[in-house]
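A single chain, nothing else alongside it, follows as structure tokens in the form predicted alone.
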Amino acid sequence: MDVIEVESFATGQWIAPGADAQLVASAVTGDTVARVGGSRLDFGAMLDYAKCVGGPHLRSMTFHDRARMLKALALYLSDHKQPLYDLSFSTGATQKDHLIDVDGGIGATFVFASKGRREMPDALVHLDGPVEQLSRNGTFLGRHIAVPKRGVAIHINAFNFPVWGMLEKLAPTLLAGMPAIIKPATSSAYVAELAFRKMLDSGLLPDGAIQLVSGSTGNLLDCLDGQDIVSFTGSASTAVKLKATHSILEGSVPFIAEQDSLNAAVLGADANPGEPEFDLFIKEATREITVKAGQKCTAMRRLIVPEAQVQAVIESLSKRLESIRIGDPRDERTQMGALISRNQLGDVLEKADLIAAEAERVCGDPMELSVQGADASKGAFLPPMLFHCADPDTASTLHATEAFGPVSTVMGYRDAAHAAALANRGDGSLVASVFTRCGDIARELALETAAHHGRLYFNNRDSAAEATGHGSPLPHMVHGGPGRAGGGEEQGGVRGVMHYMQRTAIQGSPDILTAVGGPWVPGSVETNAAEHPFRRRFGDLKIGETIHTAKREITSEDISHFAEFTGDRFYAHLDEEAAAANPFFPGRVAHGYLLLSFAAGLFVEPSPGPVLANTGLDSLRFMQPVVPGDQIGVRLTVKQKTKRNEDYGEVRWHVTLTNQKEEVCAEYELLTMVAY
């Protein structure tokens, strides 16, 4: 194949690599596949372009606008992913590896698009938590809001997942409304550049939303300030150097790091050979050692098993690993391809030698490597290597050395406390997995290890059919870990979006909070509806539009009939003496659900109209008991409107039930779908 000229994309223009560009070789053949870097980039101009062009474009869109943009982008990439598959073979990845990288990245984009529509408002401001009452009478309130940062997100990505690594950072960034400058790892930059080109070709992203640095970042980090953010994936040593940049320290630039991780997998004491949990452990360990040739930040590096099962695990796992077919990743029969480069191969072998000082290699001799369909001397191939550490308590290098390849170590534990202590010796990891069906074991290990891990993955026969795997960081859940793992959190749904936004406390009157935040806040000015709001279409309804219903008296007969009709004969509704003995009631009281039913009867417009369906209620609270003879009325207010599609939108109504003394008896939010 022709050598790929990997370009950068800056200030709206493609810029070719320079004369001193770095040559990148195929992981399979050793032939040169790409030239990367060496071009002269004006990083100050790139930052200005992102801030002055990309930022305003993105911030002019609502969260739902940006979510729809992400969904369309994911659909476009799904239709154009075959070229990414074809090119990725040169990184040593197999077709199954491509599914993790390419399809995984597209899938993450879909998830953020969905969460943006379901969990964030169709607005420019995100509300973070409920209203806080800061004064006795409620005229001075507080609320936290979140708005996009006014800077640029700098994404520095690792070589192992050039597509997923880019998209899992980019999706929450764009959803937040922040532009990004993306710096892929040089050794797989040719794949990242192609994915970047596909995004531009879609025509879905506004100008300045994304830029690409192929090669060195030069003085880019020196130009950052407190409105910018850096998200880094790579080695701990590189992270330390980057975080020490003067501008990052001086400007308190947020730095999200996902770095080295000596992840552990624990086989529960209840999981004996022949049990489904034992088989699951062997199956997942095999997969984690061989997928992407072990070049995964979440791979199982330390296999912690009961001392009585050490030999059985070594035998079962070695048998599986020795059967793995290594070779040309384009061959459908290949189960494990090559490492990213010969340099990476050398690094893994060097780290394996360090591990060998404290553990015995029991499987995978590099000198006896068998490669199918490729020249082992030219490619970056390595067999799966398994070690056994007989004394993990005295080992030190083992718990501090990550061989970023198909390498793992088995070690025995005495009891759950010992297993937890060994897992925690990684000094902070992205993930630990536990294979057990025993709730007590799971609880003890969770309590003892959660502080040292970003994710705990439990699997057994009950969850196996749907479990996604130890090594799968899902966009719904946070991805990161404390200590050695970098202390960062990526993905995690809206939690990931919040990294790229500023949380700010807003204080003021109910009217001010309504004006700033969007949804109606109780105590704000109400607008009396000229006609019943259930007769008004979605586009015509106004925030704060309110009706006050007539009162209805609650009788003893109503309460008795409701009890007999529904079967809810709780004593407080039927027995005056017993109810009076209850500290919460003055005597016999009406059912809460009776009040809700009567409330609906007071405010519902029965004729066919724009209201299509009642889809539920939120935040229901009963604050004042209602006794026979009380009269209840309803205040119904349009609190929030959210467009769902071209035919209808969701209207959130604030509902308050009061008695004849104007005391609030109940309060809730009603959700309806209303036609346009």
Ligand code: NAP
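Small disclaimer: the values here were computed from a predicted structure and weren't measured. We number the residues from 1 along the sequence you see.
The protein also exists as the form predicted together with this ligand; that form is not presented, and the subsequent description refers to it.
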| property | result |
| --- | --- |
| Residue among A563, M477, L242, C438 with a heavy atom within 4.5 Å of this ligand in the predicted bound form | L242 |
| One residue of Q95, S235, N424, T549 in contact with this ligand, assessed in the predicted bound form (non-hydrogen atom, 4.5 angstroms) | S235 |
| Which of 563-571, 182-190, 463-471, 307-315 lines the interface with this ligand in the predicted bound form (heavy atom within 4.5 Å) | 182-190 |
| Non-hydrogen atom contact T173 with this ligand in the predicted bound form at 4.5 angstroms | no |
| Any non-hydrogen atom of L430 within 4.5 angstroms of this ligand in the predicted bound form | yes |
| Heavy atom of N160 within 4.5 Å of this ligand in the predicted bound form | yes |
| I156 within 4.5 Å of this ligand in the predicted bound form, heavy atoms | yes |
| Within 295-332, the residues that have a heavy atom no more than 4.5 Å from this ligand in the predicted bound form | C297 |
